[in-house]
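This document contains two forms of one protein chain, each encoded as structure tokens and listed individually as structure 1 and structure 2.
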Structure 1
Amino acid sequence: MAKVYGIDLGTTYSVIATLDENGTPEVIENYADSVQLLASAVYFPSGGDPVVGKEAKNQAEVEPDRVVQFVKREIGKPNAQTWDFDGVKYDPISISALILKRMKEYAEEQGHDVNDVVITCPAYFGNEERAATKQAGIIAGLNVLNIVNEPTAAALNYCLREFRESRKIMVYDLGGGTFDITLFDFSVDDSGKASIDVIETNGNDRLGGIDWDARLYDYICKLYYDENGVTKDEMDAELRQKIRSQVEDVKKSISSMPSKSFTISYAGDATRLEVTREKFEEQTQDLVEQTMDFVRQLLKEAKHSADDVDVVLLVGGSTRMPMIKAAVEGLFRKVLVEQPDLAVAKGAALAAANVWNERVAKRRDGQEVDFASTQGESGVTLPPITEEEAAGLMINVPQQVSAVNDKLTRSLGPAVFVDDNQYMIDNLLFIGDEMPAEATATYGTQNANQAEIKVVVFENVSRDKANNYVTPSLDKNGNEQYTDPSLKVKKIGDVRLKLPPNTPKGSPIEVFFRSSTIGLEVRATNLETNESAETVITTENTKTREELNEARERFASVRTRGQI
């Protein structure tokens, strides 16, 4: 039986899982830390291999300038932070690759052969963030079968284990740095095959447990000031780190008991402090309300009521805070805490098996299976196989899945010339379109004898299908234009098509969009000559083909470790 793997690449902790011989998901232990989770922290010792995990996280107290954490919030984002260690530059993609590589290595040290994987990401990630996540996997030496939304993976893990009949499931996923809320239809047909269809998704990829941590840190600083008269601005780096090192333990403690007492030892003095759950909840109630606003908005857009939902699954380590369950129970009749730290990775392993079996079946049936990468190079087309060979490659799963249908969380379209001063976005793909989503439109050249067509691609959150024009953030000269901030318009790339001499004004140019979970393909075709140009969109926030290959080769010789 083949082996595939699911990876939950988290903001604060990451997990890798696979399926056992019975098709049951099992997490591969991070033996270096004697836990199932890997802290998503990387420490760069001077002149040594990168350290990834708990030791790296702890080292942040000693050498904060050589530890990188929380990169998931930066991956694929404009103006993301970069780091330089010993003359080598790292960006969020390469830091994420080191975290993935560490999981691959410790799994392989325990007898696994980690190659084919599904990696999860927040449902509310856009095209750039998804492409960047896949690139991190490629750099880590992985064959990324698919990128699956975290709530979808969690729903898959739960539903295949619990149900043999149709249900409406909501997943409330509050992780270390991101928040997603997704409503699903889980259905089972007469043959017993299951289908998971996304009804609606909402969320915020910059809201998560670390925001609660920041509030708790500020509150502990205030308590320290009340005892010692030292403000947060007056605290030196050592004192700040001593306080920060208490935050996670205090938060975990007051999730299971009403208060937590602890000591801050600094400069020969010991200050005894106490944090109560009641006070912590008071300090963070607005963050809880932010998540519930997204829940209510989702129900409104899905045209559903809370009573329509059969069960809400709380996923993500931050849902262990009692205030979260209490808020969700105030709206829904049945709420379950569903393996908060592990559900996503387990579901990703099931999703990987599903993708793998689909491809094996296609090969058995003589269909082409192309493993093209996110950069758009020619993939390797695998040859057909016999029934016997297919049987040997198939992975045992607890229940057959006919479809796992994720949907677009952003609308996508080209900038279209309107007049001498302005371009508008003509959305071809919309929020809620089932992936993979395709659309085609035809436009005319702007001028006679135009040398080339530049198809500039924008991402936004407009849902209006009747009036599908949104002002982009740049005009034809690259100057900023006004746009409603609530529409979150972002330029994500372009495609250029050369035109022959004497091309008349208004010559038809066909533009084709195809968006899947792992990238956006755009093609422009001159309908007069049938010449075309196409690419999988990459931007300054992701890597070019050359950069990706260079990073993959460089990281092949890098070893990670769990201990300093």
Structure 2
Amino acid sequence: MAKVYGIDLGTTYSVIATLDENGTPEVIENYADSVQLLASAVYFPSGGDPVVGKEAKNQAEVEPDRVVQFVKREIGKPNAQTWDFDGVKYDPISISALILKRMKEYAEEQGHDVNDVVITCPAYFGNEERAATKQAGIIAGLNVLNIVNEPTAAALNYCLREFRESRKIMVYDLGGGTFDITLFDFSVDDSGKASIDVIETNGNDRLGGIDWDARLYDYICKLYYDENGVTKDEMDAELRQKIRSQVEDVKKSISSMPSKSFTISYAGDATRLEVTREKFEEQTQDLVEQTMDFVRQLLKEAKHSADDVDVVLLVGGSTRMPMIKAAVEGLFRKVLVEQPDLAVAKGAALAAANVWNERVAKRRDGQEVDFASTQGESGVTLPPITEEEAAGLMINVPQQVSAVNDKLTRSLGPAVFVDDNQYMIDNLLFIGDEMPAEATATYGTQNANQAEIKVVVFENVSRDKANNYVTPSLDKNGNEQYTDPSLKVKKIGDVRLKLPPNTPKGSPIEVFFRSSTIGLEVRATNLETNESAETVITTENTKTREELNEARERFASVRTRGQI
């Protein structure tokens, strides 16, 4: 039996899982740290191998300039930070590659052979962040079968274990800085084959544990003032830092205890303070309500009532706060806290096995399977195989899932001129479209004798099918950028097509879009000449094929370590 792996590449911690012979997901222990999680931190000791994990995280206190953490917040983003260690330049993609490589290596040190993987990413990640995540996998020497949304993985892990019949489930995911909710339809057909479809998603990528931290910080400052008469504005940087460094611990403690006492030592004085869960909840009730507003809005958009939902799964570290479970229980009949740290990696392992089995089945049915979309180079195909060979390659799964139908998280469209100076985005693919999604539209050239056309592609969060025009604007450098932040309009790339001389105004150009979980393919065709130009959009925030191959070769000889 073949083995494939699921990786939850997290902001603070990462996890790798696989399936045992019975198809049950199991997490592979990070034995160096004796835990199942790997801290997503990389330390670059002068002249030595990069160290990934707990030791690296701890080293951040001692040598903050040589430790990189929270890189997931930067991956695939414009103008992302880069680092230079001993003359080698690193970007968020290569740092993520080192984290993935460490997981691959510690699993291999325990007898695994990690090649084919599914990596998860947040549901709110756009095209570029997904492409960048995949590239990190390629650089780490992995064959990335797919990129799957974290809530989808969590839902898959639960559904395949619990259900043999159709259900509606919701994943409520409150992490450190983001909040996501997804409503799924898990259905099982007569042959026992399951499928999991996203009905609706909602959330806010600027709402998470740090907002609770900020409230608690303000509240502790107030308690400190009550004791010492020092207002927040009068506190110096050292005192503020002393308070800030206690906040997260206090918050976590009152998730399991009704109150927490602690001491702030400053300028020779020790101030003893106490925060009760009740007071903390009072200070943050409106934040919980904000999340519930998103939940109600999602139900409304999906035309479902709370009673239609069979179970709500709570994932993400911040759902450990009892006020979250209480609020969700106020609306739904069944709410479960699902191993928030491990569920995503386990679901990713199930997703990987499903993709793998689908490919084996195709080859058994006499088809070639194209690996071009999962490798750095193109043209790698796997030949058909016999029934017997297929049987040896199939992975035992609790239920075969016919499709892990992730949906588009951004609408996508080209910019279209409406007159000489103004243009709009004509969305061809929409948020919520099932992937792979395809669309074609035909536009006329703007001027007579135009030398070339440029199809500029934008992503945005407009969902309005009837009126799908969004006006992009320019930033101070003249680049098309976010306009209304609520629509997240963003240029993600372009395709240029040369036109022959004397092409008349209004000549038809066909534009084709195809979006899969891996990226966006765009093709422009001159319908008069049948000449076309196409690209898979990898923009300035991801690497070119050459850079990718170069990085993969360079990283092949890099060894990571788990301990200093």
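So that the term is clear: the rigid core is the largest set of C-alpha atoms that superpose within 1.5 Å between two forms. Residue positions are counted from 1 along structure 1's sequence. Quick caveat, the model's predicted, so the values are computed rather than measured.
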| query | finding |
| --- | --- |
| Structure, 1 versus 2, that is the form predicted in complex with adenosine monophosphate (AMP) | 2 |
| CA of residue 108, rigid core aligned, shift of 2 Å or more between structure 1 and structure 2 | no |
| Did residue 203 shift 2 Å or more between structure 1 and structure 2, C-alpha, core superposed | yes |
| Yes/no, residue 144 Cα shift of 2 Å or more between structure 1 and structure 2 with rigid core fixed | no |
| Cα displacement of residue 244 between structure 1 and structure 2, once the rigid core is superposed (Å) | 7.2 |
| Value in Å for the CA shift of residue 253 between structure 1 and structure 2, taken after the core is superposed | 3.2 |
